[in-house]
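Next up: just one chain, as structure tokens, the form predicted on its own.
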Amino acid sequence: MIKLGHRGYSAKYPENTMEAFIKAYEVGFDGIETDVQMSKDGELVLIHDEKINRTSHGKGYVKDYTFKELREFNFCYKAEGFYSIPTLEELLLFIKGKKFFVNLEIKTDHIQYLDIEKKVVEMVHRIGVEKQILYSSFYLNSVIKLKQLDPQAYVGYLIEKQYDVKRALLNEYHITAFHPKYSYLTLKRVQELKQSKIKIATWTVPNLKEYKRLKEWGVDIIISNDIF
């Protein structure tokens, strides 16, 4: 089973910052999960929300700022100190040569950034960390594009609702990894997915009790804010 820090070690450090990623590595996570979006001038940046309001001292959409402008904001969330918004390239260079995985969620379910899937895959291959990368998205078109761009890659379909409807799409589009919210998983569903040879990653596991339950059932990847 693989343990991933949700947006880095976000229980202790500001989410989706290099500090949170580095600390996740140091504390013993097998890897991290993070979110990829794109600035106005095409830089691939790591942030969950489409707007910077919640996690920084700024306001507005990521897509409306250049990378240079985004770097001026403090993404400290509720912590002390200054934390810059990280780039995908910075994270990939950090993990290169380490035994450390990264689940890249392509954030296209609300805003469809032009060619973001192609840009991400090309950067992953250019830096040479493709064996350490797991892709995922809530947006089915992005899942399909990622599978086409890199047929050998792990590509997961994220869901937060409509389990049965989304489950049926796995067969239709030959998707072999499913990322449902932890509360959707039952033993019966886990067994059915495993019988169908579908990898299971689940988020955001809130406590040790849930962690033990899911591990016992054989879930492949557990994504959590804290390490259990």
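Residue numbers here begin at 1 and follow the sequence given. Predicted model only: the values in this text are computed from it and were never measured.
The same protein also exists as the form predicted together with ligand G3P; that form is not shown, yet it is the one meant from here on.
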### Query
Just one of Val143, Val120, Leu158, Leu91 has a heavy atom within 4.5 angstroms of ligand G3P in the predicted complex, so which one?
Leu158
#### Entry: in the predicted complex, the residue from His48, Arg167, Arg189, Lys199 that sits within 4.5 Å of ligand G3P by heavy atoms
His48
### Task
Would you mind picking out the stretch of 68 to 76, 102 to 110, 145 to 153, 124 to 132 that comes within 4.5 angstroms of ligand G3P in the predicted complex, counting non-hydrogen atoms?
102 to 110
### Task
Indicate whether ligand G3P has at least one heavy atom within 4.5 Å of a heavy atom of Phe138 in the predicted complex.
yes
### Task
Answer yes if any heavy atom of Trp203 is within 4.5 Å of a heavy atom of ligand G3P in the predicted complex; otherwise answer no.
yes
### Message
Is Asp30 near ligand G3P? Define near as a heavy atom within 4.5 Å, in the predicted complex.
### Response
no
### Query
Though only this chain appears here, would Ile221 touch ligand G3P in the predicted complex if you measure heavy atom gaps against 4.5 Å?
no
#### Entry: Residues of 3 to 42 having any heavy atom within 4.5 Å of ligand G3P in the predicted complex, listed in sequence order
His6, Arg7, Glu33, Asp35
